[in-house]
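Just one chain is shown here, as structure tokens, and it is the form predicted alone.
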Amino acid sequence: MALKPLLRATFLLAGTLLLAPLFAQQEEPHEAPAAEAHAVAAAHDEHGTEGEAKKFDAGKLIMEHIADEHGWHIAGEGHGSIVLPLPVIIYDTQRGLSLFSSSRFDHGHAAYDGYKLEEGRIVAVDASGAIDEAATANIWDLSITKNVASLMLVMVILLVMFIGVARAYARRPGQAPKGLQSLMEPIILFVRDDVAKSAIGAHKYARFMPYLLTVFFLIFFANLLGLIPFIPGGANVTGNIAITLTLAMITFLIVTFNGNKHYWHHIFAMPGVPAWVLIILTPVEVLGMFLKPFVLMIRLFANITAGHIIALSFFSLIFVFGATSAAAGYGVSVVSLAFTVFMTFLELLVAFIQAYVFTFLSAMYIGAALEENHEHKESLV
């Protein structure tokens, strides 16, 4: 019963963060006329003369779709596009906290209250609309971006699913699983038996299971949502280096704070190695401590980002060849669409594999930190 208030508070917090900027739009705009005129002129220069066709830029399209955004794109292009505005939360060390909707930026073509969206980054502008680098250095961007909103959505999904499964076990103790239980139980048992027990050990794995299950399902569901090309999907959560860095750092902290005496002795003074060799070997072992989370971070980031880039590249071929002639565009579209569908199905497998690999490597690093001396193991036997 105590979980109901937790769920209500979670939904209330998410709703407040998403809806507050919509009410903030009722305020009078604070942008300077000169800044607004400068933004309109910049937009005109960017898009060219009205009615003039823009050349398709595949690189720009791909980078925009894999990058984080301050709005959730739904449909359309340019000023006519439909975008779900997200909360912009700025803490300026000089001006304090500001909260408003990302729609105030007009897709990056307008300034608001002395701020502007420049290539996905919020910058400070002066009265003429020019970027003020000194003032920009004082900005802390705490906004609810597309990746943050997608991460919140994954969090809500996981809470609903696992609370529902836990209640089902409580209602039907000792009985065969049904419904969502029957779907989740094999995956949970797989993480427990084939990942945690095998890497950490049958006697020590239990206290690390909450983290391993959380990181597995977080990566898995975030990857699946990223494959959906429309809202609420399309966010490149695990392809964001900040997300993978955070997950890798959590694993690093768990390993560091749970390492036993044998683990640290192996790093700083490996048994059976001459003292003069330790001068070379110890720095290598210390460097290896930091290389492990680095490998976790880069592996997940690179694989997920590469999958999105390849799929978008095949899709972009339609427009690249279509710019030369309509016949070429239609001809390439068949092959391009087939490869895009193939890559999408392949990414479904990658979504699971990358969640498994990150979880398994984390379990291996934890198991290595808890491993006892071989002589002590033999004495126990």
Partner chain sequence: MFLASLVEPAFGLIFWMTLSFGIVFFLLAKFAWKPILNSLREREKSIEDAISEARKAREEMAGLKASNEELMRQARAERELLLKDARDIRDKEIAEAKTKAKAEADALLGRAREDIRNEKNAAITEVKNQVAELSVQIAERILKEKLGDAAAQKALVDKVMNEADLRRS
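Numbering follows the first chain given and starts at 1. Note that the coordinates shown come from a computational prediction; the quantities given were computed from them, not determined experimentally.
The same protein also exists as the form predicted together with the partner chain; that form is not shown, yet it is the one meant from here on.
Remark: of stretches 255 to 263, 175 to 183, 103 to 111, 285 to 293, the one touching the partner chain in the model of the complex is 175 to 183 (heavy atom within 4.5 Å). Note on contacts: among 337, 348, 63, 323, the single residue with a heavy atom within 4.5 Å of the partner chain in the model of the complex is 63. Proximity to the partner chain in the model of the complex, defined as a heavy atom within 4.5 Å, holds among 159, 135, 310, 267 only for 159. Although the partner is absent here, residue 194 is not a contact residue: none of its heavy atoms lies within 4.5 angstroms of the partner chain in the model of the complex. Under a 4.5 angstroms non-hydrogen atom cutoff, the partner chain in the model of the complex has residue 305 among its neighbouring residues. The closest heavy atom approach of residue 220 to the partner chain in the model of the complex falls outside 4.5 Å. The partner chain is not shown here, but in the model of the complex it comes within 4.5 Å of a heavy atom of residue 301. Contact residues in stretch 149 to 170 (any heavy atom within 4.5 Å of the partner chain, taken in the model of the complex) are 151, 152, 155, 158, 159, 162, 163, 165, 166, 169.
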